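There is one chain below, alone, in structure tokens, taken in the form predicted alone.
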């Protein structure tokens, strides 16, 4: 979904007038008329769902209680989901985890120094520093696969060790790694370069509502959620765990960034449709859930 379409729908569902929408969305009268016609079904869906938004928070907490839970797909003997999605493409090697130089900073220092950092120096991250960040947040140190279950163990906690996330990286300024969008393979501890247009950094920045740290940071970590990986075991309660697990991941991003003399800023303000489009996700079976910019401190 492009920005004009998003803003048309955003203001239209909030009752703005035709003139207000044309002004705020930066569209012409002809574009307005075209969108009014082509997006009629989407508008009806949004308008029908809109009243539910007023109580969605309370409903979410209520309906994810155990009292509302049925038997899970795991209990019903349904096929287990893969712990890691299959990927193909150009492999970009990273320094092995057993060869990473251990930072000298103490845990006390990392916690006390941690701040949300939005301004970064032009100094690049080294490949070893990036490798350390990924080791701390997304690397799978153990992998178990059988007919009835498949899971990984990592350096962040996850409900039932389901680890329902895939980690993508927008590389802007890392020594020896070509800028662009990559996928991190947690079993092979490598990057896989994704074929995306040259405008991908600007597209992701726009999806993050124009936050400049997205193009100024050395690397942008984009976490997507695969909810069925957890729902297979925990049914609808799994959606609570998605956000808890994402928080665990985000804290390790901050502490690992401090350990390599960098800063991080977690991003929750992004346009869901645009970010899912950037990664080629459907927004239902997999969707962007959390983003972090990381760079050397200015």
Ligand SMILES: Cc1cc2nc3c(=O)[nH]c(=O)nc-3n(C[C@H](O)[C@H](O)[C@H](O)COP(=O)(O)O)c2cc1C
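Because the structure is predicted, anything quoted here is derived from the model rather than measured. Residue numbers count along the first chain shown, from 1.
There is also a form predicted in complex with the ligand; it is not shown, and the following applies to it.
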query: Triple contact flag 123, 130 and 175 to the ligand in the predicted bound form, non-hydrogen atom at 4.5 angstroms; finding: no
query: The ligand contact at residue 149 in the predicted bound form, heavy atom, 4.5 Å; finding: no
query: Distance check, residue 118 to the ligand in the predicted bound form, heavy atom within 4.5 Å; finding: yes
query: Touches the ligand in the predicted bound form: residue 134 (any heavy atom, 4.5 Å); finding: no
query: 4.5 Å heavy atom contact, residue 269 and the ligand in the predicted bound form; finding: yes
query: Residue (of 262, 242, 265, 253) lying close to the ligand in the predicted bound form, criterion heavy atoms within 4.5 Å; finding: 265
query: Heavy atom within 4.5 Å of the ligand in the predicted bound form - residue from 224, 155, 211, 72; finding: 211
query: Option from 191 to 199, 72 to 80, 110 to 118, 86 to 94 whose residues, in the predicted bound form, bring a heavy atom within 4.5 Å of the ligand; finding: 110 to 118
